[in-house]
Ligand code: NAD
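Only one chain is given next, in structure tokens, and it is the form predicted alone.
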Amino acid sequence: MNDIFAFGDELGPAKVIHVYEPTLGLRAVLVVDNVARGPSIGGLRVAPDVSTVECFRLARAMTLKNSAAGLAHGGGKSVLYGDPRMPREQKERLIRAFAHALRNEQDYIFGPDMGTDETCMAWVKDEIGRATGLPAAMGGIPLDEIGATGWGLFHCAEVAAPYCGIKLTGARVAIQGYGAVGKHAARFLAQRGAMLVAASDSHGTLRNPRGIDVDKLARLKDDGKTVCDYPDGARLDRDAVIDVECEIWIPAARPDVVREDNVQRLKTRLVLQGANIPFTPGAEKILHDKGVIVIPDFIANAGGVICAAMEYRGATERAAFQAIEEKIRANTEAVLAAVKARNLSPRAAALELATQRVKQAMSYRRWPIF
């Protein structure tokens, strides 16, 4: 379905802006979903196969994420069609042009996402003065470098593990998408005694039931190599990470990687959604019916946007980490307590929590719809 308004409801979207400049090869979309809590924060994603509907789904996830985290921000998202590995000069030209086109759009604050980083946000800041996820030299907190989202996933795991009968010490972890989010989640979990047994990237899957050295693998990735360059373990195809038996499975890449047609392959007890919208609703329901706990994206991976929002207000890295820990632990506990007490799915409980907060904010607005 290509009509984004078929997905619209009482929360949004407030506005959808298409930007097209054929002489530059620029094609991009902004979706501002809801601004009842304040101007929206959401990342700029660069990929060749993005779409307006995907942008809306991601913007809605940000509305829920920012609301659940108690941030004074609504939800938005932007996507730019293109290869994220395009030449730097071309990428800078396109991102600057997109930002300039949105220079008067005060309801949206750019942040980094797949295909963009702090350098990209520095270009945006230079163009329009409105971005977060900036380099440290510009007063930013390097959230990918310090692992803000991974830090949040770790605390989510600590709270959720007892509900699954899991001890983190010795727990086997598999990560689909060993990038900025995945590698830091693995590092923090390993420090707590968990064991990484599988990791994947766009080139394949590495599996080693005896354990993978997370620091060694991170260094390989930082040097531009792939998980399959790790010297010890089996090299499998990219999607084989779904089949790896483990206690904790973390999707940290693209949307809809687990669907109704492959969800039965998962052999895990706890899923922490490190990526945005990584499962289809049907896949989540199947897992819930099997007794697998799936912590939704807007609860589990909110560390990045919490850090970004605090950076935007001049907070320190230490304060950001403390806020991530407190907010994600509290929200994970609230969601799982509702699951246990009322037999809800984690997503239903999380949606109820976040939506209630959005609607309360909307009730104070002169124009309460958005």
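Residues carry their position along the shown sequence, with the first being 1. Rigid core (definition): largest C-alpha set, two forms, superposition within 1.5 Å. Keep in mind the model is a prediction, meaning the values are calculated, not measured.
There is also a form predicted together with the ligand; it is not shown, and the following applies to it.
- Among the residues D213, E127, D107, D144, the one placing a heavy atom within 4.5 Å of the ligand in the predicted complex is D144.
- Interface residue among D201, E118, E247, E284, judged by heavy atoms within 4.5 Å of the ligand in the predicted complex: D201.
- Look at 228 to 236, 187 to 195, 248 to 256, 99 to 107: in the predicted complex, residues with non-hydrogen atoms within 4.5 angstroms of the ligand sit in 248 to 256.
- Under a 4.5 angstroms non-hydrogen atom cutoff, the ligand in the predicted complex lacks G82 among its neighbouring residues.
- Not displayed here, the ligand is kept clear of F154 by more than 4.5 Å at the level of heavy atoms in the predicted complex.
- Contact between G111 and the ligand in the predicted complex is not found at the 4.5 Å heavy atom cutoff.
- Interface residue remark: G177 is counted as part of the site for the ligand in the predicted complex, having a heavy atom within 4.5 Å.
- Residues G274, A275, N276 are the members of 259 to 287 with a non-hydrogen atom no more than 4.5 angstroms from the ligand in the predicted complex.
- With the core superposed, I306 shows a C-alpha displacement below 2 Å between the shown form and the other one.
- If you fit the rigid core between the shown form and the other one, you'll see the Cα of I328 move by less than 2 angstroms.
- Once both forms are fitted on their rigid core, the CA atom of L58 lies 2 Å or more apart between the shown form and the other one.
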